[in-house]
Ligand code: MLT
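So this first bit is one chain, no partners, the form predicted alone, shown in structure tokens.
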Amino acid sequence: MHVEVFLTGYQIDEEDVERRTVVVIDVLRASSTIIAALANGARAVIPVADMDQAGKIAMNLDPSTYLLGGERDGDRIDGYHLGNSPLEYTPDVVKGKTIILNTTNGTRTIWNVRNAQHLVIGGFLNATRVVQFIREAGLDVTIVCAGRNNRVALDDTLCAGLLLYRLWEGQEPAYVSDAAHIALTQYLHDRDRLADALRHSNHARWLTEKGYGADVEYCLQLDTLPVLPYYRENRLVLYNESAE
């Protein structure tokens, strides 16, 4: 099984995802929000690239069936029902609803890799479930870190490294890409103080300064929501509810 890693979601070609299992990681916060929404009973999450696309989809849905969620500069978009905080996506809010989600980094990355053979969403919240799926699928793998504003984000890189560590059972193969080696090496460097390293990442500090410190703590939890968001028919659903 060949594994490729992209440390940002900025430039990915079609051949990087075709006939492969693709894992998109945006720990802070789109991945964590999607995982939480589906775990808490949302019917589906539709990731979109921009506000225009979100509006067009919403126009074709019954207003009672969907919620608009998303952020710009970390804060809820004006006129949207929800922001990009996983703590907002509680069962009483999202159960049975379709979420149209529009974020700066995460949903744009998902949209860019939507032609993968299998496309799943990963984070610390569901790391073990993601690795399990990768092994079950048996295809070559592309792990895509959404990053932040087209730059590398430590939180996503460390999560990618964790997935690689578990997938390879702690033993780096003889031949890996530079990006995969970087992600694994960074994880090995920080794993004994992982939560502290994550809290001190640029993105985590920025969110905390904006008042989203509780989101950061939530997103750093390991394996608390063992569900798998799976992309099918332009939306993310729980894997056990999707058709092969």
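Quick caveat: nothing in here was measured; it's all calculated off a predicted structure. Sequential numbering from 1, following the sequence displayed.
Form predicted together with the ligand: not shown, discussed below.
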{"item": "Stretch in contact, per heavy atom within 4.5 angstroms of the ligand in the predicted complex, of 182-190, 23-31, 59-67, 40-48", "value": "23-31"}
{"item": "Interface residue in the predicted complex among Leu198, Ala36, Ala54, Leu207, criterion: non-hydrogen atom within 4.5 angstroms of the ligand", "value": "Leu207"}
{"item": "Listed residue that, although the ligand is not shown, lies within 4.5 Å of it in the predicted complex (heavy atoms), from Gln132, Thr98, Thr104, Asn112", "value": "Thr104"}
{"item": "Partner contact for Asn84 in the predicted complex: the ligand, 4.5 angstroms, heavy atom", "value": "yes"}
{"item": "In the predicted complex, residues of 116-155 near the ligand [heavy atom within 4.5 Å]", "value": "none"}
